[in-house]
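A lone chain, given as structure tokens: the form predicted alone.
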């Protein structure tokens, strides 16, 4: 009860933050989903982390409704008819967004936005269309104050995509997160506009569209940080494994590969499947959600996600080699990653039909409480090699991760003078296997923490103790400090 009182009396939290934390406390007053004693031990010591999803999950972590179907059929539950013009289309989307749950309580996916709105552009004048989209983005920023809210555009060239990029550069919001699905069909001038916007705002991501289509089919989307999931589906849960801690438990590399990693992976799967089972069978989410009843989501398109992080430290612990510096470290990094993927694929994922009954393999981006451990399979910040060497290594690692992976490349401000050069780098990176490429500059107001954005001015406000609308600023500020994010190597710096 004392913890509940502290939440209520905390003057650094506003109403929505207190409500979210109080809901979590209520959930955590229940026993943890049924798992073995050994699995509980791995959770308590932090070798496995459930990302504070709660003891008794009652909704999937990530939900990606089929918004295109929603636009075609409307919603009986929301009393919305299929929209006939751009006013109605934007209004309909803004309404349904407020009814899509997630682990954050905000929607993590806003749709393939040009597919949703392009058909209605002709119903208004060009100026009205621009103004409506501007107010649409402003409304999202103000009413969904969470940097994990994510919108997709591309790969085709559309008026809506170009308007979104132009308005994002003008508005300079950290919300929504934005991805451009990039492929050979994407015209260079659209890609260059995306680069121009990213150099100011840190978004959009460049997404290797063809590689993800090869893995998941064309009906995929990027949600939350950089999770690659099926439209109309999502992920029940995301539980992660700290490879650094597994390495610390191991006597040597052979013990790690042959004993400790298999043991930890089996416990990871146990926890993931227990949580998915609780959501489907105990909480009966899919039996009670209007999204499922109206066909906007389907259990058959869901999976769960296993997150892996701390590869850099695991390699260092086991071999005394440094990824990005010692050539031989690459061999161990690839061996660990491929072995972990094979182990995960050897198990059946409960209610994971969307991924052929397998649990999605994810490079977990890291959280604010991580200290001394690197996100995903990235090279430690400040230790990155030359750009082409980093791309070569990461291009070999990225293809293993069908449920999401990215890397962040920080450039000197002079890069703004050569956007065509940056486009060549992105094209080369994708040919090398990079799945998601994020770019930014050192002078940007925006910091891409691991998979989401925060403003430097908001971080300063947080450190002054000011109340902030965006609930991800605290996560970002603490993560930047604890993970030394600003030590990222700057490419092109003289």
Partner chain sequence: MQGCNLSCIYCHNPETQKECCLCGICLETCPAKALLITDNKIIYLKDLCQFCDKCLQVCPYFSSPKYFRITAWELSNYILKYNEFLNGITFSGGECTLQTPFIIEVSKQVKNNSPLTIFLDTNGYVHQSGWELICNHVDGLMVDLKAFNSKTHHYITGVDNSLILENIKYASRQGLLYEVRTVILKGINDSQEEINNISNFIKELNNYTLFKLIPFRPYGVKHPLKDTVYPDKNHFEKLFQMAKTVLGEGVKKPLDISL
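Computed from a predicted structure; not experimentally measured. Numbering follows the first chain given and starts at 1.
Below, we turn to the form predicted in complex with the partner chain, even though it does not appear here.
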Should residue 391 be classed as touching the partner chain in the predicted complex when contacts are defined as heavy atoms within 4.5 Å? yes
According to a 4.5 angstroms non-hydrogen atom cut-off, is residue 416 in contact with the partner chain in the predicted complex? yes
Please tell me whether any heavy atom belonging to residue 424 falls inside 4.5 Å of a heavy atom of the partner chain, as the geometry stands in the predicted complex. yes
Looking at the partner-bound form in the predicted complex, is residue 59 within 4.5 Å of the partner chain by any heavy atom? no
Does each of 386, 428 and 432 have at least one heavy atom within 4.5 Å of the partner chain in the predicted complex? yes
Please pick out the stretch from 132-140, 73-81, 416-424, 88-96 that is in contact with the partner chain in the predicted complex, where contact means heavy atoms within 4.5 Å. 416-424
